[in-house]
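Here's a solo chain for you in structure tokens, the form predicted on its own.
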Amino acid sequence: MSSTQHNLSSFSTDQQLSADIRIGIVVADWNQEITHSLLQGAQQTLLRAGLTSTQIVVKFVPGSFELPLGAQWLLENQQVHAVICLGCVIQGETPHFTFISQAVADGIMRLNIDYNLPVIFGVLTVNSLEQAKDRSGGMHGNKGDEAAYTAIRMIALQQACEK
């Protein structure tokens, strides 16, 4: 279903996380206006789910291409239960968009499998700055909210499966 017709960020944070949960967020500084808005949405959702600011580890990387390595370092060094990767790649006139988008998606997927922990793809891959703004707090909601909600649900699923 196309998100052009829906604000997908309207959901309730019905799952509360326990006090021992830590979530990492890796944010690309490239397209900072967009990515920092995504970060704000993710943090607000995690706080509404019962986390404190000390349970949220935020680190910044130069661009979206560096998100998988930043996430790996959080997984290896910060005792996190999930990592949310936030970035924004905007289509340009060259194939660069395709190479970066695919590399980031592949890297994040590999981390999910290799570490057996949720690594959430919160990377906007859009055709224009306007589309990015619409999805980072505009008419289509905030994909940072959705990425945080996905992390919450995946942690809950993992805990339920381990019982």
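Here the structure is a predicted model, which means the values were calculated and not measured. Counting begins at 1, following the sequence as shown.
Same protein, other form: the form predicted together with a small molecule, not shown, and the subject of what follows.
Item to complete: Would you please decide whether Trp30 lies within 4.5 angstroms of the small molecule in the model of the complex, comparing each non-hydrogen atom pair?
Response: It does: once the small molecule is placed as it appears in the model of the complex, Trp30 has a heavy atom within 4.5 Å of it.
Worksheet item: With a 4.5 Å heavy atom cut-off, would you call Gly50 a contact of the small molecule in the model of the complex?
Response: Close contact is absent here: in the model of the complex, Gly50 is far from the small molecule, nothing within 4.5 Å, heavy atoms only.
Discussion item. Even though the partner isn't displayed, in the model of the complex is Phe65 close enough to the small molecule, meaning a heavy atom within 4.5 Å?
Written reply: Within the cut-off, so yes.
Discussion item. Ser128 versus the small molecule, in the model of the complex: is there a non-hydrogen atom within 4.5 Å?
Written reply: No.
Worksheet item: Heavy atoms within 4.5 Å of the small molecule in the model of the complex: which stretch among 95-103, 111-119, 38-46, 129-137?
Response: Going by heavy atoms within 4.5 Å, the stretch is 95-103.
Practice prompt. Find the only residue in Leu74, Cys88, Ala82, Cys85 having a heavy atom within 4.5 Å of the small molecule in the model of the complex.
Written response: Of Leu74, Cys88, Ala82, Cys85, the residue with a heavy atom within 4.5 Å of the small molecule in the model of the complex is Cys88.
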